[in-house]
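Next up: just one chain, as structure tokens, the form predicted on its own.
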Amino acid sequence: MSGLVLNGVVIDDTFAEAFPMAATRLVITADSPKWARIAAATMTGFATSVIGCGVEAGIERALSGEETPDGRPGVAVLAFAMNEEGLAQQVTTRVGQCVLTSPGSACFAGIEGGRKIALGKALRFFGDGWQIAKRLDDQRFWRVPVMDGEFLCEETTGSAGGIGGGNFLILASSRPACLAAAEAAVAAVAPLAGCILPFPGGVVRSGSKVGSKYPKLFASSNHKFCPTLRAAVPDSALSADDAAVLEIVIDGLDEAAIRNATRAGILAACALGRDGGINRISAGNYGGNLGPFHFHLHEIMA
């Protein structure tokens, strides 16, 4: 590590390693911004990592009535999975359980092209034969009777190749300082289109490495960045001043989205500076063996 310092914070000369995923965007609307966000937040629950959740999902941004198909307030959601089959299964299940059930909700495609993922095409059967199809231009919708009126749902949404696992690490002299920097990074990334931060509040404390001493585990704690193991492991990546580490994981629709989010997040974290307890910025990688997308921190921050 050397060569680049921002506001007293060292930026390691390393890279974040990311991998290809299948992705889609949904537009969820409701009678009010509150209920659009409730439906979206419920649909993206338990969707932090494909390691245990099957999908990584999150709210991309809020939408005004001018930006939605039905003129109501809405929320754009992004979802990522390891393949199109897994993505399709997760999307259909989550929309059925979390959007169909939410008061006043409707669901529309948020992306065109790629393999079509069933929305209303699958959920229409809940109407028990009373559902009605409606076509507008090249788009087909389903009107499913529910107890507060109708659930309007586009027949399918599209899919695209996405990228998962973009990341950077914040190393700080205390846990409060580390969390403050992570929260600043999340706030800086939140307005950006084309990406999400899938973990709780956008922050990960349990950064992982590939593999484990236990054969059944695909991933385990990244011991190199655990402060309590600093003196116990020979390959610790922490100095005596590093008391806490938090990770920001970024999923994006393309490389540009992840680069933009990485830069914005690091700038925000470094704004607290060395005097604010922020020591270093690093990234998680596995020597280039996990995925083909390498986001070099020095290049991004140049």
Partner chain sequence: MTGWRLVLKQPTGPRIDMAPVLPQRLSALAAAEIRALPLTCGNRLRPLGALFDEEPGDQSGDGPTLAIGAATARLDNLGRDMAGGTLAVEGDTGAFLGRRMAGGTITVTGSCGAHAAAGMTGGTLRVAGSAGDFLGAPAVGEVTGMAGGLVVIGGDAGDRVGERLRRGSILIGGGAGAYCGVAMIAGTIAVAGICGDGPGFAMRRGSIILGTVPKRLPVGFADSGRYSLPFLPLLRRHLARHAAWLAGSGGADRWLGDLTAGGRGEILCLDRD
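This structure is a prediction, so every number in the text was calculated from the model and none was measured. Residue numbers count along the first chain shown, from 1.
We do not show the form predicted together with the partner chain, though everything after this point is about it.
In summary, among the residues 160, 82, 219, 152, the only one with a non-hydrogen atom within 4.5 Å of the partner chain in the model of the complex is 152.
Taking the partner from elsewhere, no residue among 205, 224 and 247 has a non-hydrogen atom within 4.5 angstroms of the partner chain in the model of the complex. Among residues of the shown chain, residue 215 is not one whose heavy atoms approach the partner chain to within 4.5 Å in the model of the complex.
Not displayed here, the partner chain is kept clear of residue 241 by more than 4.5 Å at the level of heavy atoms in the model of the complex.
Proximity of residue 72 to the partner chain in the model of the complex falls within the 4.5 Å heavy atom cutoff. Heavy atoms of residue 112 never reach within 4.5 Å of the partner chain in the model of the complex, leaving it off the interface. Contact with the partner chain, judged by heavy atoms within 4.5 Å in the model of the complex, is confined among 172 to 180, 141 to 149, 186 to 194, 92 to 100 to 141 to 149.
Heavy atoms closer than or equal to 4.5 Å to the partner chain in the model of the complex belong, across 128 to 143, to the residues 129, 130, 131, 132, 134, 135, 136, 137, 141, 143, ordered by sequence position.
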